[in-house]
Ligand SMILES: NC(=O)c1ccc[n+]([C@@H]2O[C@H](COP(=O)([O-])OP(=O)(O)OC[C@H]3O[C@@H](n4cnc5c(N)ncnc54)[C@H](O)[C@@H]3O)[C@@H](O)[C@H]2O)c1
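Okay, so here's just one chain, in structure tokens, the form predicted on its own.
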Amino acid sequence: MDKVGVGIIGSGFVAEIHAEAFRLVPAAEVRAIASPTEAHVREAAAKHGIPRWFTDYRRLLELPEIDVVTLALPNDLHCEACCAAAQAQKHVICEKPLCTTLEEADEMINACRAANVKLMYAEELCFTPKYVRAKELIDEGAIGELYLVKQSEKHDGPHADWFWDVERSGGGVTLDMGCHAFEFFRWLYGKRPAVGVYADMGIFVHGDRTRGDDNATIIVDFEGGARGVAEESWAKPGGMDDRAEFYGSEGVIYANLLQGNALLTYSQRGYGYAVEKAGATQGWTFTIFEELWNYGFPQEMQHFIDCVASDRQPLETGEDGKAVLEIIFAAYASAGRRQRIELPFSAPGCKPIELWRQ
């Protein structure tokens, strides 16, 4: 096909990122967007030059010119929208985390499999240029045998109100950002299974806003003795801090994802956009540029569009999203029980947060 027709479901922060990323993918053409608030979806359509908009995503799914939809929705809506898209014979790109329960993950995977459409899991760290280069070095043996990866992502909290509501989100920072680390580890270690999780989490700053964790440290052990250590926070002011360390038997790699690509800026009066989630821009700041590219969003969407156009297996699938969700559940169970949790792990009928706050 010359162009792959894209529909965006959602019109918030992540939908904006997806729309901008697809604009940089020559084979993609965003043909419709859907979101329940008319004023918001009209504005998004006009801003990004999207010809059709709807307040009911089911009408978008009826369009024959849509080949793939991207789900930029609150976590609790992923499953229903994914299954509806599969029934409408649309391929699906689902933002992280895949969903809020392991049963929903199975439902999404089975629905897409039955409809013979692709379920693609949107984990951008596997497409981030700096991290892709680090993996190339690791795979060619530059630092010997990889035995430890550390990843941290820290800022002062999410954009939208629904993130703070554990009934909608399913958890706190471990669910919101730990999911990045867990698939990052799996990708670097060749998708080998996780075998054990130990987590410590707490509410240190945002107890007035959420029952979810706002700071967490999680250790994930993988088959063969490799380890990942994730440090995730909604409690760190001053903008996004996103970095990784890679330790091998013959070397080490350090990667600072955003500050390492930024302009070190001092401004007395402040200025516009600096670093994602920066509360203020007076004084010293790290002024980011080409943020979408540095994160890997256009590269991720290029890959998914190529997979749809040429019927290839995507790097990140619904099964990967479920594997990440299993680690998330084990992390919350570990923090709740204050002990290491062995995998495989299941927790029928509950959301991750319930294993910590039970």
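Fair warning: this is a prediction, and the values are worked out from it, not measured in the lab. Just count from 1 along the sequence shown to find any residue number.
What comes next is about the form predicted in complex with the ligand, which is not displayed.
Contact with the ligand in the model of the complex holds for all three of Y57, A72 and D176, each having a heavy atom within 4.5 Å.
Among W162, F286, Y198, Y147, the residue placing a heavy atom within 4.5 Å of the ligand in the model of the complex is W162. Of the residues D214, E183, E95, E104, just one reaches the ligand in the model of the complex with a heavy atom at 4.5 Å or closer; this is E95. Residue contact with the ligand in the model of the complex: A134 places no heavy atom within 4.5 Å of it. The ligand in the model of the complex is approached by V14, whose closest heavy atom lies within 4.5 angstroms of it. The ligand is not drawn, but in the model of the complex it has no heavy atom within 4.5 Å of K118. Taking the partner from the other structure, the ligand in the model of the complex has no heavy atom within 4.5 Å of any heavy atom of I327.
Only one of 35 to 43, 22 to 30, 310 to 318, 62 to 70 lies within 4.5 Å of the ligand in the model of the complex by heavy atoms, and it is 35 to 43. With contact defined as any non-hydrogen atom lying within 4.5 angstroms of the ligand in the model of the complex, the stretch 131 to 145 contains no contacting residue.
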